[in-house]
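What follows is a single chain, given as structure tokens, in the form predicted on its own.
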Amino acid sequence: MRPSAGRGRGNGEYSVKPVKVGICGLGTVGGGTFNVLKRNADEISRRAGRGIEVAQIAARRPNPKVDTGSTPITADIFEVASNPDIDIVIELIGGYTLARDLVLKAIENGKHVITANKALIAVHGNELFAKAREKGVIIAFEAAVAGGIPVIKAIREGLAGNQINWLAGIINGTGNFILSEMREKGRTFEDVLQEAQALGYAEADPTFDVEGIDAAHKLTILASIAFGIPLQFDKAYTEGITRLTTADVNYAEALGYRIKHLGVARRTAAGIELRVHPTLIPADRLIANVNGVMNAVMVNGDAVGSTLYYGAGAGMEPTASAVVADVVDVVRALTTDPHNRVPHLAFQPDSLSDHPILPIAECESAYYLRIQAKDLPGVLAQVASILSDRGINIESIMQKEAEEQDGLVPMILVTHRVQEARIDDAITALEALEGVSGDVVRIRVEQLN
């Protein structure tokens, strides 16, 4: 005979009482989560070993894409966090303050928490994880990074035998859509941004997406899991894509590169690089060919080499897929000793490293430089001398015809890897040359090999 506790019977019912879940927020992700839990209830229960029931929903307004049936609904999120019948609170309201208060309330009441809120984890995660350990509960957050791509689980568990050397990711779909359209159709940033807003990819205020803040939240989380360091969002370098021009996109293409808005985290002897910025990537790299709103993360480990994780980084059901996977993980772990569960940030909390986050001036990269030179003799020689004096080697150079409207000659250089402080110094000297007009455009280059 097959044991009955926690195992499926022929009719799909389970002999132990179901785990009761409360969903806070019934927007895009909350609605998708409810739908997936309802539609795939039997399959999910077979995986989890127990039935899973949505016992309560907190929502300010109904979602027309979700039939909640007889599930109780309240407008008060804290009612869900205090409901004695609920085992797991799913936080999908977003933002920093109210979400933090909700999660702390749920933890205080001994409830496990699942969240898709990258800003909450990146900014308040250290505090929340400490509280969760005190209470012996779990905070799961797979959906906070790269939507439906299970990259957190891959790094935390699948690559646990590796020392992670670096990771690099396209982790904001809005920015990737904009850059893809600029490259493929020659459109301007402003033009594509308007379409992204019309399609719902970008908010009315797109700052978090186009200035790299959203990606920096996600990169902070990935770096912490990869390198065993505390979450340190305030030390992440962020640079947006608002100043990129179609000309730079085309010049990069001519040089054999694609421009992507990349999050890069790298372990070095001096510290951890943690940076988000436009980046030239060789066009033959798989990640350089990730287009539209899709996401991808490359992770390099000392044993496995480079691995690539690709998929939908946002959306109703892709993100719900990650939320529900966390529900299953929590249900499986309900009966385990809290001290023997998978650590929130992959490493045991008392063994996190104090390896510092490097300021951007101490990071190393290769660089694409675009210089608007006056059509005068000797300018190229002066440029080469300034770079050489600072130990900066040129890998390739491209000089275009003088532009008709202003007579300036675009000069495009790609350097070898060098510390950013040297490039800063060189750019200051270049912009002071009589033969150089305006600002020097600088975009970092990563080979990712």
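Since this is a predicted model, take the numbers as computed values, not measurements. The first residue of the sequence shown is number 1, and the count goes up from there.
Just so it is clear, the following notes concern the form predicted in complex with a further copy of the same chain, a form of the same protein that is not shown.
Undergrad: Considering only heavy atoms, tell me if N83 and a further copy of the same chain come within 4.5 Å of each other in the predicted complex.
TA: Because no heavy atom of N83 falls inside 4.5 Å of a further copy of the same chain in the predicted complex, the answer is no.
Undergrad: Would you check, heavy atoms only and a 4.5 Å threshold, whether Q232 touches a further copy of the same chain in the predicted complex?
TA: So Q232 counts as contacting a further copy of the same chain.
Undergrad: Would H261 sit within 4.5 Å of a further copy of the same chain in the predicted complex, counting heavy atoms only?
TA: The answer is no: H261 has no heavy atom within 4.5 Å of a further copy of the same chain.
Undergrad: Heavy atom to heavy atom, is H217 within 4.5 Å of a further copy of the same chain in the predicted complex?
TA: No, H217 sits far enough from a further copy of the same chain in the predicted complex that none of its heavy atoms falls within 4.5 Å.
Undergrad: Quick one: find which of 171 to 179, 345 to 353, 193 to 201, 90 to 98 has residues within 4.5 Å of a further copy of the same chain in the predicted complex by heavy atom distance.
TA: Of the options, only 345 to 353 has residues within 4.5 Å of the partner.
Undergrad: Which residue among I77, V379, V210, I164 has a heavy atom within 4.5 angstroms of a further copy of the same chain in the predicted complex?
TA: When a further copy of the same chain is considered in the predicted complex, the option within 4.5 Å is I164.
Undergrad: Which residue, V293, L102, I139, A373, is the contact with a further copy of the same chain in the predicted complex, using a 4.5 Å heavy atom cutoff?
TA: Looking at the other structure, the residue within range turns out to be I139.
Undergrad: Going by heavy atoms, what in 303 to 318 lies within 4.5 angstroms of a further copy of the same chain in the predicted complex?
TA: In sequence order, A303, V304, S306, T307, L308, Y309, Y310, G311, A312, E317, P318 come within 4.5 Å of the partner.
Undergrad: Looking in the predicted complex, are the Cα atoms of I52 and R341 closer together or farther apart than here, the change being 3 Å or more?
TA: They are closer; the C-alpha distance drops by 3 Å or more in the predicted complex.
Undergrad: Please check whether, in the predicted complex, the CA atoms of A48 and V342 lie closer or farther apart than here, given a change of 3 Å or more.
TA: It is closer: the C-alpha separation of A48 and V342 falls by at least 3 Å in the predicted complex.
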